[in-house]
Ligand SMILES: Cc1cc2nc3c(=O)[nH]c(=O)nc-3n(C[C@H](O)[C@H](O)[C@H](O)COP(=O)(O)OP(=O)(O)OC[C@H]3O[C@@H](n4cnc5c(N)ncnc54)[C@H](O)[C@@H]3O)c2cc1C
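Presented as C-alpha coordinates, the chain that follows is alone, the form predicted on its own.
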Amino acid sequence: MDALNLPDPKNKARVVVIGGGFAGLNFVNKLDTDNYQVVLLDRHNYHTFAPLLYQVATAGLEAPDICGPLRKTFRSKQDFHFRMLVVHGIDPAAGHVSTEAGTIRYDHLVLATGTRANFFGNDSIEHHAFPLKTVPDARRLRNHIFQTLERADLTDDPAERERLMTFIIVGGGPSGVEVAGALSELRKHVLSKDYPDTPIDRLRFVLVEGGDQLLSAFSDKSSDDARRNLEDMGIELHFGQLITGYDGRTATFKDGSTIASGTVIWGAGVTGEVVVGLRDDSVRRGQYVVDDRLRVAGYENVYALGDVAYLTSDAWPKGHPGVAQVAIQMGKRLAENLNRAAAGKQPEAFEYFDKGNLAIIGRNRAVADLPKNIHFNGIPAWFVWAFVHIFYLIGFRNRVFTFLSWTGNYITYNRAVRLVLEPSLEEELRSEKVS
(Lines give C-alpha, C1' and ligand atoms only; values in the text may rest on other atoms or scores of the structure.)
Protein backbone atom coordinates (compact mmCIF):
# COMPACT_ATOMS: atom_id res chain seq x y z
CA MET A 1 0.00 0.00 0.00
CA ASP A 2 1.12 3.57 -0.77
CA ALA A 3 0.65 6.74 1.25
CA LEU A 4 -2.91 7.51 2.43
CA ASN A 5 -3.62 3.78 2.33
CA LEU A 6 -3.66 3.75 -1.47
CA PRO A 7 -2.95 0.61 -3.51
CA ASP A 8 0.10 0.48 -5.76
CA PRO A 9 -0.88 1.62 -9.28
CA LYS A 10 1.56 -1.03 -10.62
CA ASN A 11 2.06 -0.41 -14.34
CA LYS A 12 -0.37 2.53 -14.50
CA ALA A 13 0.35 6.23 -14.18
CA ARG A 14 -1.26 7.81 -11.12
CA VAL A 15 -3.40 10.91 -11.70
CA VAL A 16 -4.07 12.98 -8.59
CA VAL A 17 -7.02 15.38 -8.85
CA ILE A 18 -7.48 18.14 -6.29
CA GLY A 19 -11.09 19.31 -6.21
CA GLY A 20 -14.43 17.61 -6.81
CA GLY A 21 -16.27 20.49 -8.47
CA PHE A 22 -17.56 20.58 -12.04
CA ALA A 23 -14.09 20.37 -13.58
CA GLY A 24 -12.77 17.56 -11.38
CA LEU A 25 -16.01 15.61 -11.61
CA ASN A 26 -16.14 15.65 -15.42
CA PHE A 27 -12.43 14.93 -15.74
CA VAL A 28 -12.64 11.83 -13.54
CA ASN A 29 -15.82 10.64 -15.24
CA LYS A 30 -14.21 10.83 -18.70
CA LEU A 31 -10.75 9.43 -17.86
CA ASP A 32 -10.07 5.81 -18.85
CA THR A 33 -8.95 4.02 -15.68
CA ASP A 34 -7.75 1.04 -17.69
CA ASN A 35 -4.66 3.17 -18.26
CA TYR A 36 -4.63 5.40 -15.18
CA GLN A 37 -5.15 5.15 -11.45
CA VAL A 38 -7.22 8.13 -10.25
CA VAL A 39 -7.00 9.63 -6.77
CA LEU A 40 -9.47 12.44 -6.02
CA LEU A 41 -8.76 14.71 -3.05
CA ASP A 42 -11.31 17.13 -1.59
CA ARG A 43 -12.01 18.64 1.81
CA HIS A 44 -15.65 17.59 1.43
CA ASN A 45 -16.95 14.16 0.45
CA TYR A 46 -19.58 15.61 -1.87
CA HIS A 47 -19.89 17.62 -5.05
CA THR A 48 -21.79 20.90 -4.66
CA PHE A 49 -24.04 22.16 -7.43
CA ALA A 50 -22.95 25.75 -6.79
CA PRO A 51 -25.51 27.51 -9.06
CA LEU A 52 -28.28 26.51 -6.62
CA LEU A 53 -26.57 27.51 -3.37
CA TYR A 54 -28.71 30.63 -3.25
CA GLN A 55 -31.84 28.45 -3.09
CA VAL A 56 -30.50 26.68 -0.01
CA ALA A 57 -29.78 30.09 1.52
CA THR A 58 -33.30 31.38 0.79
CA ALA A 59 -35.19 28.28 1.97
CA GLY A 60 -36.10 26.91 -1.45
CA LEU A 61 -34.09 23.68 -1.22
CA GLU A 62 -32.35 21.54 1.38
CA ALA A 63 -28.58 21.24 1.16
CA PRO A 64 -28.61 17.49 0.29
CA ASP A 65 -30.73 18.29 -2.78
CA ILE A 66 -27.77 20.01 -4.45
CA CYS A 67 -24.98 17.73 -3.21
CA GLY A 68 -23.76 14.48 -4.75
CA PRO A 69 -21.63 12.04 -2.69
CA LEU A 70 -18.32 11.64 -4.52
CA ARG A 71 -17.76 8.05 -3.48
CA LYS A 72 -21.22 7.04 -4.69
CA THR A 73 -20.83 8.99 -7.93
CA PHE A 74 -17.76 6.96 -8.92
CA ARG A 75 -18.64 3.70 -7.20
CA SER A 76 -18.57 1.74 -10.45
CA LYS A 77 -15.34 3.29 -11.74
CA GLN A 78 -12.38 0.92 -11.54
CA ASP A 79 -9.17 2.00 -9.79
CA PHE A 80 -10.74 5.18 -8.50
CA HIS A 81 -9.89 6.29 -4.96
CA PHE A 82 -11.23 9.19 -2.94
CA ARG A 83 -9.71 10.78 0.15
CA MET A 84 -11.39 13.54 2.17
CA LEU A 85 -8.64 15.81 3.46
CA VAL A 86 -7.03 19.23 3.22
CA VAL A 87 -4.17 19.72 0.77
CA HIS A 88 -1.27 21.80 2.09
CA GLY A 89 1.06 22.12 -0.89
CA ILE A 90 2.76 20.72 -3.98
CA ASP A 91 6.37 19.62 -4.49
CA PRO A 92 6.65 19.43 -8.29
CA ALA A 93 10.34 18.45 -8.20
CA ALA A 94 9.55 15.33 -6.16
CA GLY A 95 6.13 14.79 -7.77
CA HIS A 96 4.37 14.89 -4.39
CA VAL A 97 1.29 16.49 -2.92
CA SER A 98 1.43 17.16 0.82
CA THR A 99 -1.77 16.77 2.83
CA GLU A 100 -2.84 16.72 6.45
CA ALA A 101 -2.65 12.92 6.27
CA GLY A 102 0.77 12.65 4.62
CA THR A 103 2.22 12.91 1.12
CA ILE A 104 1.04 11.28 -2.06
CA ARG A 105 3.03 10.69 -5.23
CA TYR A 106 1.65 11.61 -8.65
CA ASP A 107 2.55 11.13 -12.29
CA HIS A 108 -0.02 13.70 -13.41
CA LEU A 109 -1.53 16.38 -11.18
CA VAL A 110 -4.83 18.09 -11.95
CA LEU A 111 -5.71 21.28 -10.05
CA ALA A 112 -9.45 21.88 -10.00
CA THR A 113 -9.76 23.66 -6.68
CA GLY A 114 -12.28 26.32 -7.71
CA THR A 115 -12.68 29.68 -6.03
CA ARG A 116 -13.46 31.33 -2.71
CA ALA A 117 -14.94 34.71 -1.88
CA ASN A 118 -12.57 37.64 -2.43
CA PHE A 119 -12.96 40.46 0.09
CA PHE A 120 -10.02 42.38 -1.40
CA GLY A 121 -8.22 42.56 1.92
CA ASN A 122 -11.10 44.24 3.76
CA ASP A 123 -11.09 42.51 7.15
CA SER A 124 -14.24 44.17 8.50
CA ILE A 125 -16.34 43.02 5.56
CA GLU A 126 -14.80 39.55 5.60
CA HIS A 127 -15.58 39.17 9.30
CA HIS A 128 -19.18 40.36 9.19
CA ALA A 129 -20.53 39.76 5.68
CA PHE A 130 -21.99 36.50 4.39
CA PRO A 131 -20.34 34.90 1.34
CA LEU A 132 -22.16 32.26 -0.68
CA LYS A 133 -19.58 29.83 -2.06
CA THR A 134 -20.14 26.62 -0.07
CA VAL A 135 -22.94 24.60 1.50
CA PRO A 136 -21.92 25.72 5.01
CA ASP A 137 -22.08 29.33 3.73
CA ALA A 138 -25.61 28.78 2.42
CA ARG A 139 -26.84 27.13 5.61
CA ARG A 140 -25.26 29.85 7.74
CA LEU A 141 -26.93 32.57 5.68
CA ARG A 142 -30.34 30.88 5.76
CA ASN A 143 -30.09 30.47 9.51
CA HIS A 144 -29.09 34.12 9.89
CA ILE A 145 -31.93 35.39 7.68
CA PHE A 146 -34.59 33.76 9.82
CA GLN A 147 -32.83 34.61 13.08
CA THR A 148 -32.83 38.24 11.98
CA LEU A 149 -36.54 38.15 11.19
CA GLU A 150 -37.26 36.63 14.60
CA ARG A 151 -35.30 39.43 16.26
CA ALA A 152 -37.20 42.04 14.26
CA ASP A 153 -40.42 40.46 15.54
CA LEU A 154 -39.19 40.84 19.15
CA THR A 155 -38.06 44.46 19.15
CA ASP A 156 -40.26 47.51 19.69
CA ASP A 157 -37.47 49.92 18.71
CA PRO A 158 -38.32 51.31 15.24
CA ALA A 159 -34.71 52.13 14.36
CA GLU A 160 -33.45 48.68 15.36
CA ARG A 161 -36.28 47.01 13.51
CA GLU A 162 -35.47 49.02 10.39
CA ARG A 163 -31.80 48.00 10.65
CA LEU A 164 -32.65 44.34 11.07
CA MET A 165 -35.06 44.47 8.17
CA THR A 166 -32.50 45.96 5.77
CA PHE A 167 -30.56 43.41 3.70
CA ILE A 168 -27.71 44.51 1.44
CA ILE A 169 -26.59 42.32 -1.47
CA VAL A 170 -23.19 43.33 -2.86
CA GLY A 171 -22.55 42.45 -6.50
CA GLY A 172 -24.80 42.58 -9.55
CA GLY A 173 -23.67 39.37 -11.19
CA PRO A 174 -25.84 36.24 -11.47
CA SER A 175 -25.43 35.35 -7.77
CA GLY A 176 -26.44 38.80 -6.57
CA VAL A 177 -29.38 39.05 -8.94
CA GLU A 178 -30.65 35.57 -8.07
CA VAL A 179 -30.32 36.12 -4.31
CA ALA A 180 -32.11 39.47 -4.52
CA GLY A 181 -34.92 37.97 -6.58
CA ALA A 182 -35.31 34.99 -4.26
CA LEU A 183 -35.49 37.23 -1.19
CA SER A 184 -38.15 39.38 -2.86
CA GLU A 185 -40.20 36.26 -3.66
CA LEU A 186 -39.79 35.13 -0.05
CA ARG A 187 -41.05 38.49 1.19
CA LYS A 188 -44.06 38.51 -1.09
CA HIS A 189 -45.30 34.93 -0.80
CA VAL A 190 -44.11 33.60 2.56
CA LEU A 191 -42.91 36.10 5.14
CA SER A 192 -46.04 38.26 5.09
CA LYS A 193 -47.96 35.21 6.33
CA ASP A 194 -45.32 33.95 8.75
CA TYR A 195 -44.87 37.29 10.51
CA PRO A 196 -48.32 38.93 10.86
CA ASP A 197 -47.10 41.16 13.74
CA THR A 198 -44.13 42.53 11.76
CA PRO A 199 -44.52 45.09 8.94
CA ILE A 200 -42.99 42.82 6.29
CA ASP A 201 -43.74 45.43 3.64
CA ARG A 202 -40.95 47.44 5.29
CA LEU A 203 -38.46 44.66 4.58
CA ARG A 204 -35.80 46.31 2.45
CA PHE A 205 -33.48 44.65 -0.06
CA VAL A 206 -30.67 46.78 -1.46
CA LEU A 207 -28.51 45.49 -4.32
CA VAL A 208 -25.21 47.37 -4.67
CA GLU A 209 -23.20 47.15 -7.90
CA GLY A 210 -19.89 48.88 -8.52
CA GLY A 211 -20.47 49.12 -12.27
CA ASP A 212 -23.27 50.70 -14.25
CA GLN A 213 -25.30 47.60 -15.10
CA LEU A 214 -26.39 44.20 -13.83
CA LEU A 215 -25.17 40.92 -15.32
CA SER A 216 -22.21 42.50 -17.07
CA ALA A 217 -21.30 39.20 -18.78
CA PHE A 218 -24.75 39.05 -20.40
CA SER A 219 -26.15 40.98 -23.34
CA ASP A 220 -27.37 44.54 -22.83
CA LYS A 221 -30.92 43.35 -23.44
CA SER A 222 -30.72 40.73 -20.69
CA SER A 223 -29.09 43.26 -18.38
CA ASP A 224 -31.92 45.73 -18.98
CA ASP A 225 -34.53 42.99 -18.53
CA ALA A 226 -32.99 41.96 -15.21
CA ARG A 227 -32.94 45.57 -14.01
CA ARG A 228 -36.57 46.13 -14.94
CA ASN A 229 -37.67 42.91 -13.25
CA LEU A 230 -35.82 43.61 -10.01
CA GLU A 231 -37.22 47.13 -9.85
CA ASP A 232 -40.72 45.70 -10.38
CA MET A 233 -40.05 43.32 -7.48
CA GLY A 234 -39.17 46.15 -5.11
CA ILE A 235 -35.39 45.72 -5.05
CA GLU A 236 -33.43 48.94 -4.51
CA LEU A 237 -30.62 49.15 -7.06
CA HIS A 238 -27.53 51.25 -6.35
CA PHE A 239 -25.05 51.50 -9.24
CA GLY A 240 -21.52 52.89 -9.14
CA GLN A 241 -21.29 52.19 -5.42
CA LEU A 242 -18.38 50.48 -3.68
CA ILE A 243 -18.72 49.24 -0.12
CA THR A 244 -15.67 50.08 1.98
CA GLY A 245 -16.60 48.75 5.40
CA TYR A 246 -19.17 46.84 7.43
CA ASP A 247 -19.06 46.39 11.20
CA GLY A 248 -22.11 44.15 11.51
CA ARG A 249 -24.44 47.10 12.01
CA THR A 250 -23.60 49.76 9.44
CA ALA A 251 -22.35 49.51 5.86
CA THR A 252 -20.10 52.34 4.67
CA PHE A 253 -19.61 53.27 1.02
CA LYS A 254 -16.82 54.98 -0.88
CA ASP A 255 -18.79 58.21 -1.24
CA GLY A 256 -19.14 58.42 2.54
CA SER A 257 -22.79 57.36 2.70
CA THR A 258 -23.94 54.68 5.12
CA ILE A 259 -26.81 52.21 5.44
CA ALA A 260 -27.75 50.61 8.75
CA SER A 261 -28.17 46.89 8.10
CA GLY A 262 -28.18 43.61 9.95
CA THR A 263 -27.12 41.61 6.90
CA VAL A 264 -24.61 42.06 4.09
CA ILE A 265 -24.52 39.25 1.52
CA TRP A 266 -21.24 39.24 -0.40
CA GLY A 267 -21.14 38.41 -4.09
CA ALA A 268 -18.71 41.04 -5.32
CA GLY A 269 -15.76 38.91 -6.27
CA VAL A 270 -13.92 35.59 -6.10
CA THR A 271 -10.33 34.46 -6.15
CA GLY A 272 -8.85 31.09 -6.97
CA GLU A 273 -8.03 28.51 -4.31
CA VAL A 274 -4.36 28.31 -5.30
CA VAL A 275 -2.27 25.52 -3.77
CA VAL A 276 1.23 26.67 -2.81
CA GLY A 277 4.35 25.11 -4.31
CA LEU A 278 4.39 26.07 -7.98
CA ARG A 279 6.55 28.78 -9.52
CA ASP A 280 5.43 32.38 -8.98
CA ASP A 281 5.25 33.02 -12.72
CA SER A 282 2.77 30.14 -13.04
CA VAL A 283 0.17 32.08 -11.06
CA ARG A 284 -1.63 35.23 -12.12
CA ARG A 285 -4.10 36.95 -9.79
CA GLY A 286 -5.29 33.79 -8.10
CA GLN A 287 -5.27 31.60 -11.22
CA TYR A 288 -2.78 29.22 -12.81
CA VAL A 289 -1.57 30.29 -16.24
CA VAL A 290 -2.24 27.40 -18.65
CA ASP A 291 -1.67 26.71 -22.35
CA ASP A 292 -4.27 25.38 -24.76
CA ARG A 293 -3.54 21.84 -23.54
CA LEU A 294 -4.42 23.04 -20.02
CA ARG A 295 -0.86 22.53 -18.74
CA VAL A 296 0.29 24.95 -16.05
CA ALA A 297 3.08 27.19 -17.37
CA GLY A 298 6.49 25.63 -16.74
CA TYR A 299 5.22 22.09 -16.12
CA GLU A 300 4.55 19.13 -18.39
CA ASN A 301 2.49 17.04 -15.98
CA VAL A 302 0.59 19.62 -13.92
CA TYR A 303 -2.76 20.89 -15.23
CA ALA A 304 -5.38 23.38 -14.08
CA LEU A 305 -9.10 23.39 -14.86
CA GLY A 306 -12.14 25.59 -14.41
CA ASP A 307 -12.20 28.79 -12.39
CA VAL A 308 -8.60 28.35 -11.29
CA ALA A 309 -7.24 28.16 -14.86
CA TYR A 310 -6.21 31.32 -16.70
CA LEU A 311 -6.33 30.61 -20.44
CA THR A 312 -6.39 33.30 -23.11
CA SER A 313 -7.26 32.97 -26.78
CA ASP A 314 -8.26 35.20 -29.67
CA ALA A 315 -11.89 34.79 -28.67
CA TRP A 316 -11.16 35.23 -24.94
CA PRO A 317 -8.25 37.69 -24.65
CA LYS A 318 -8.97 38.35 -20.96
CA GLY A 319 -9.41 34.70 -20.02
CA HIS A 320 -12.44 32.44 -20.03
CA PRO A 321 -15.53 33.20 -17.91
CA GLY A 322 -15.82 31.58 -14.51
CA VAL A 323 -18.90 29.51 -15.29
CA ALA A 324 -19.72 25.83 -14.94
CA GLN A 325 -19.67 25.16 -18.69
CA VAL A 326 -16.03 26.20 -18.96
CA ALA A 327 -15.10 23.87 -16.11
CA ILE A 328 -17.10 20.97 -17.57
CA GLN A 329 -15.58 21.33 -21.04
CA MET A 330 -12.04 21.72 -19.68
CA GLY A 331 -12.43 18.59 -17.57
CA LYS A 332 -13.64 16.56 -20.51
CA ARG A 333 -10.95 17.86 -22.88
CA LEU A 334 -8.09 17.09 -20.49
CA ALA A 335 -9.40 13.57 -19.85
CA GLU A 336 -9.70 12.98 -23.58
CA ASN A 337 -6.12 14.19 -24.08
CA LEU A 338 -4.75 11.86 -21.43
CA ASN A 339 -6.73 9.01 -22.99
CA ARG A 340 -5.23 9.94 -26.35
CA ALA A 341 -1.73 10.02 -24.86
CA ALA A 342 -2.21 6.51 -23.49
CA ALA A 343 -3.16 5.39 -27.01
CA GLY A 344 -0.10 7.06 -28.54
CA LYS A 345 -2.09 9.92 -30.11
CA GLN A 346 -1.44 13.65 -30.03
CA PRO A 347 -3.48 15.87 -27.68
CA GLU A 348 -5.98 18.38 -28.99
CA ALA A 349 -6.19 22.04 -28.04
CA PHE A 350 -8.99 23.22 -25.79
CA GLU A 351 -11.63 25.37 -27.47
CA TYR A 352 -14.56 26.64 -25.47
CA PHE A 353 -18.02 26.40 -26.98
CA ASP A 354 -20.16 29.08 -25.37
CA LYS A 355 -23.66 27.67 -24.87
CA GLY A 356 -24.94 30.97 -23.51
CA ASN A 357 -25.94 32.43 -20.15
CA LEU A 358 -29.00 31.96 -17.97
CA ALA A 359 -30.11 33.77 -14.83
CA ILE A 360 -33.32 33.46 -12.84
CA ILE A 361 -34.81 36.52 -11.18
CA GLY A 362 -38.06 35.31 -9.72
CA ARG A 363 -41.27 33.44 -10.36
CA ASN A 364 -41.70 33.27 -14.16
CA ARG A 365 -38.88 35.81 -14.46
CA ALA A 366 -35.54 34.88 -16.02
CA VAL A 367 -33.21 35.97 -18.80
CA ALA A 368 -31.44 33.83 -21.39
CA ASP A 369 -28.64 34.57 -23.85
CA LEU A 370 -28.12 31.75 -26.34
CA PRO A 371 -25.71 31.39 -29.30
CA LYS A 372 -26.37 33.35 -32.50
CA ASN A 373 -27.50 36.39 -30.50
CA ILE A 374 -30.73 34.81 -29.34
CA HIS A 375 -32.15 36.60 -26.29
CA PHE A 376 -35.40 36.02 -24.47
CA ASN A 377 -36.87 36.47 -21.01
CA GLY A 378 -39.92 35.73 -18.91
CA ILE A 379 -41.61 32.33 -18.69
CA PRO A 380 -39.72 30.68 -21.62
CA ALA A 381 -36.37 31.64 -20.11
CA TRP A 382 -37.57 30.49 -16.69
CA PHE A 383 -38.43 27.02 -18.04
CA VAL A 384 -35.10 26.75 -19.90
CA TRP A 385 -33.25 27.71 -16.73
CA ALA A 386 -35.14 25.10 -14.68
CA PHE A 387 -34.57 22.33 -17.26
CA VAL A 388 -30.84 23.02 -17.59
CA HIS A 389 -30.25 23.09 -13.85
CA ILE A 390 -32.15 19.87 -13.19
CA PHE A 391 -30.33 18.19 -16.08
CA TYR A 392 -26.88 19.02 -14.67
CA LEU A 393 -27.65 18.04 -11.09
CA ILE A 394 -25.72 14.99 -9.89
CA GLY A 395 -27.82 11.91 -9.21
CA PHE A 396 -31.38 10.79 -9.88
CA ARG A 397 -32.47 11.48 -6.30
CA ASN A 398 -31.34 15.10 -6.45
CA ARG A 399 -33.13 15.68 -9.75
CA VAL A 400 -36.38 14.20 -8.42
CA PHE A 401 -36.28 15.99 -5.06
CA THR A 402 -35.39 19.32 -6.63
CA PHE A 403 -38.15 18.97 -9.23
CA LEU A 404 -40.69 18.10 -6.51
CA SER A 405 -39.54 20.99 -4.30
CA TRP A 406 -39.81 23.46 -7.16
CA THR A 407 -43.21 22.11 -8.17
CA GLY A 408 -44.46 22.36 -4.60
CA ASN A 409 -43.08 25.87 -4.19
CA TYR A 410 -44.63 26.94 -7.49
CA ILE A 411 -48.09 25.57 -6.70
CA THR A 412 -48.30 26.55 -3.03
CA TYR A 413 -46.24 29.78 -3.09
CA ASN A 414 -44.42 28.30 -0.09
CA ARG A 415 -40.87 27.60 1.12
CA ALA A 416 -40.65 24.60 3.43
CA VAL A 417 -37.14 25.00 4.83
CA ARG A 418 -37.61 27.89 7.27
CA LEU A 419 -36.15 26.47 10.48
CA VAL A 420 -33.63 28.19 12.74
CA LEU A 421 -31.50 25.26 13.79
CA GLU A 422 -28.02 26.33 14.79
CA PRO A 423 -27.10 28.27 16.71
CA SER A 424 -30.36 29.11 18.44
CA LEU A 425 -31.57 32.68 18.73
CA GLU A 426 -31.04 32.53 22.49
CA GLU A 427 -27.41 31.48 22.01
CA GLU A 428 -26.82 34.25 19.47
CA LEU A 429 -28.26 36.92 21.76
CA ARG A 430 -26.24 35.59 24.70
CA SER A 431 -23.01 35.68 22.72
CA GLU A 432 -23.69 39.28 21.67
CA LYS A 433 -24.17 40.36 25.26
CA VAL A 434 -20.92 38.68 26.28
CA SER A 435 -18.95 40.32 23.47
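The numbering used is simple: start at 1 and walk along the sequence shown. From a predicted model like this one, the values you see are computed outputs, not experimental measurements.
FYI, the form predicted together with the named molecule isn't displayed, but the following is about it.
Asker: Within 4.5 Å of the named molecule in the predicted bound form, heavy atoms considered, which of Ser175, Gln329, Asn229, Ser184?
Answerer: So the residue touching the named molecule in the predicted bound form, by this definition, is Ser175.
Asker: Heavy atom within 4.5 Å of the named molecule in the predicted bound form: which of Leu334, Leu214, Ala112, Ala180 fits that? Just give me the one.
Answerer: It is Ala112 that has a heavy atom within 4.5 Å of the partner.
Asker: Should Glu273 be counted as a contact of the named molecule in the predicted bound form, where contact means heavy atoms within 4.5 Å?
Answerer: Yes, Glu273 is a contact residue.
Asker: Would you classify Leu132 as touching the named molecule in the predicted bound form, given a 4.5 Å non-hydrogen atom cut-off?
Answerer: Residue-level check for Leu132: yes, a contact with the named molecule.
Asker: Decide whether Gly210 counts as a contact residue for the named molecule in the predicted bound form under a heavy atom distance cut-off of 4.5 Å.
Answerer: It does not: once the named molecule is placed as it appears in the predicted bound form, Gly210 has no heavy atom within 4.5 Å of it.
Asker: Though only this chain appears here, would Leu85 touch the named molecule in the predicted bound form if you measure heavy atom gaps against 4.5 Å?
Answerer: Because a heavy atom of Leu85 falls inside 4.5 Å of the named molecule in the predicted bound form, the answer is yes.
Asker: Within 4.5 Å of the named molecule in the predicted bound form, counting heavy atoms only, one of 73-81, 113-121, 162-170, 290-298 shows up; tell me which.
Answerer: So the stretch in question is 113-121.
Asker: Within 37-53, which residues come within 4.5 Å of the named molecule in the predicted bound form, counting heavy atoms only?
Answerer: The stretch touches the partner through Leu41, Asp42, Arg43, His44, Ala50, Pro51, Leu53.
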